[in-house]
Each structure stands twice: as C-alpha cells, then as structure tokens.
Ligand SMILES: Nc1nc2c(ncn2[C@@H]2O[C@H](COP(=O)(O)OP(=O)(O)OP(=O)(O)O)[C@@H](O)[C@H]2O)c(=O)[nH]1
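The chain that follows stands alone, in the form predicted on its own, written as structure tokens.
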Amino acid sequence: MLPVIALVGRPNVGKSTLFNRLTRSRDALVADQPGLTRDRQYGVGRMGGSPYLVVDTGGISGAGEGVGLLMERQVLAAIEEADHLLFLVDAQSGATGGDEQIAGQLRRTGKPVTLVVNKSENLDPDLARAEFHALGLGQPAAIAAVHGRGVVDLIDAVLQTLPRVETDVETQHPGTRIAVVGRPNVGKSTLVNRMLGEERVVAFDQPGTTRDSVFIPFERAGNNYTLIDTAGVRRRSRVHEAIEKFSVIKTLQAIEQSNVVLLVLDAQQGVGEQDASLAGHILESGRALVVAVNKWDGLDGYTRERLKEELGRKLPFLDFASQRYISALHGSGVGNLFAEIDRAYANANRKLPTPELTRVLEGAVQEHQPPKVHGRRIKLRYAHQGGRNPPIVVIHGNQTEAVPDSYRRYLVNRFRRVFDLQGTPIRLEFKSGDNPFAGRKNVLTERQLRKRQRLKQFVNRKR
C-alpha cells in the first residue's frame, strides 16, 4: 500500500502550501489567514522518487470547544492514518508555546516525525533552525514551501525512511484489477457479491460495514479478474469510529493499485459533493473508469431523466467514462458491466501508431488552427505515444507551452473520437523543439565578414 504522510502544526504555518507543492495541485485553499483548512485534505504525492499519499490538516490551536475542537479531532484522525508526520513550524514567528505542546503530543504518538521549519526564504537556514532544536524532535529541515526551496530534499529524505511500495501486485493479483469505490451505503458490497455470483462480502444496510479493502480474485468467461471492495467514503465530519477513519486512505490506495475503477453512484441520492471529490481523485490517478448508477430500478421516467442531466452537469470531466444503470440487488444490468470494464482496460493499454497519431493531429490542426501568440502561430508538427494506462500522446512543435486548455480539450476529444478510446482518460504532453534558425544570424554575419575581408584584400592587391 502507498505510505501516508500527514502535515500537522499550528494554524497558518504553511501546511496547505506544502500540500499543494507536494501534490502539484491547488486542491488545498491557501490564504494569509489562520484556520482556513478545517477538514482533512487527501492527495497523491507527485514530488519525490516514489509514490505516496499526503494528508493536509487544520491547525492545532488549542481551542477546547466548538470548531477548534472538531479541527483537532481531524488532526488526531490524520495522525492515526499516517506512516510519517511532518510537523511544520513558522521560522518568521519563531518557536511558541503552542509548538512545544504539539511537539510533546507528537512524541507520545510514537510515529516518526520530521520537524519542518517553513517560511525561511529570507533567513539563513542554520539561523532559521537554531531555536527549534529545543523542541526535541531531531534535526529540523528548513524550507520555503511557497517557493519550493528545500522541499525536494525534504521529501526525498522522508521517503527513504518509509517502506517501499510493493511492486509485485500484478503477481499477487493477476488479471484485471477492478476497484469498486463510492460513498457508503451505495451498494458496493452488494454489487461485488452480484458480480461474483456468491456471498463473498458482508452486505448490510448500514453505512461503514466494510472496514478495509478486500482483494477477491475470480474468473469469468475465461478471463481473470480481481475485485477490490473498498470501505465507503463519507463526509469527513461524520467519521467518528476510529477504525472507519482509514476508509478514504484505503480507497485511494485501492485506486492506485487498480487497472479499472468502478465508481458506484446511488440513483436515489443523486450526485453529491463526495461523489465529485472521489471522481476527481480517479481522474487524477489516470485510471480507466466505468460509472455504475445503482438502485436504478426504483425510479420513474422523469426522475431518471433528471438524474442523467445531473450527472452531465456535476461530473462533466467524466465524459470519457461509460455509464451503466443497474440494480445490484436484483442483478439487472450487472452482467453488462464486464464488457465495459474489458473495453476500458483494453483502451487504456492500446498501442497507437505514430503515423496515425500524426495524421489525426494534422487533420485537427487543418480543421481548427491553434491561436496566435504574440502574432506568431503555434505550430504542431507530429505526435507519438509516450505511455499507456492511461494513453499519453506526446506532441512536438513550436511554442507548445502556450497551447490553451480549450485547444488541449479539442485535441483530446479528436484523438478519443478517431481511436474510439472510450473509458480511459487521455493525457497530452507538449514538447517544443529547438529553433533550427537559432544562431543563424551570427553565422551569416561571420560569413559576410570573411567575404568582405577577402574582397578587401583582393582590392588592395589590385591597387
């Protein structure tokens, strides 16, 4: 499983800024105001030599009641989930009594802790670290999260202390690995049992029945599969039982270990905030996806049409995924899921020939030219495949860094339509080649000078 790193500390010490830096995202709200983060925020680490999960937390203020108390409960839950703790302090304000209290609490957890002195951009690193040695948490690391200074060295040092992620998951769980994810009580375990044709997973009409991810290998029509049944993802403010606090982490880890994600939605509850958040994590992971709208059988025609409109409105970024309307309890539509899963998995691993990719790119550019930048047209010359699962298309040209998001979406839709890549996201990477005319002016000038010198010498000899 992916290791988990939690960010803890007083309010406004830069935890959310570091979270965004490590995940290369803007998921966490950042402002020069304490107490902005209240719930835990989860993300996949994108900086460092190996994968990991990051948990951002609200600041520990010492408040014993109201919102402050709830925030501290969220921090305690994150500490329980974590394999390593990054304790952030503020180099500008120096060590405080609150820092000493938090340091004592972290020592009592028995978890590995790295003391991180943030906001040290205008200070000498040794001076920034000096007064924090008294907290008794070892050698502090000085960083500037807002600028990224020292962050790479910090995360590399932390990752060296964590267990390496198992790389033999394909050997342990052969075939297509399908992560069944969704909010609590949407019918995931019932769906797993229906897909297996037997009672392999506890199914009970109470949220939070599934406590951990369960790997279930099976065979169907000569194909090998492994179903990963995960704990339900609920609103973080409603998580109280200690053992259920691991549900989000386990779900994100299951997504990372899967080939195809089966996102289960409740047709009777509609699309909620947690559904959209979970869908965003799936999209970020790059996994192939099938959306299963469960409990469809109990709806009338008008409600069904309303729900389809809601899906398109609230989850527009999942337009690449197939949607299937099922009843896990009665089995209607469940058998059709496997065809969509196989299709999504195959498309995610498709080999795309370079000549065909380039031909599609040329046709798209001819039909709709990229915009001009500073009076010059963006030129896209050729494309080739840079990876699979998900398919990565590398496009070479000039000024590619200026390609707008709208044109990127246009190209993605063109590639998806031509190659019929339903069920998998497509990622584009742009590379600008060296200007073949760069330096030519100087070369021509040198030739002209030599020519002029020879001409001058010739004229002098004639004289």
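For every residue, the number given is its place in the sequence shown, counted from 1. Owing to the predicted nature of the structure, the values given are computational and were not obtained by experimental measurement.
Another form, the form predicted in complex with the ligand, is not on view; read the next lines as being about it.
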| Exercise: residue 115 in contact with the ligand in the model of the complex, heavy atom 4.5 Å | no
| Using heavy atoms and a 4.5 Å limit, would one call residue 321 a contact residue for the ligand in the model of the complex? | no
| message | Is residue 268 part of the interface with the ligand in the model of the complex - any heavy atom within 4.5 Å? | response | no
| Exercise: residue 346 in contact with the ligand in the model of the complex, heavy atom 4.5 Å | no
| remark: Partner contact check in the model of the complex: of 249-257, 189-197, 308-316, 137-145, the stretch with a heavy atom within 4.5 Å of the ligand is 137-145
| Heavy atom within 4.5 Å of the ligand in the model of the complex - qualifying residues of 298-337 | none
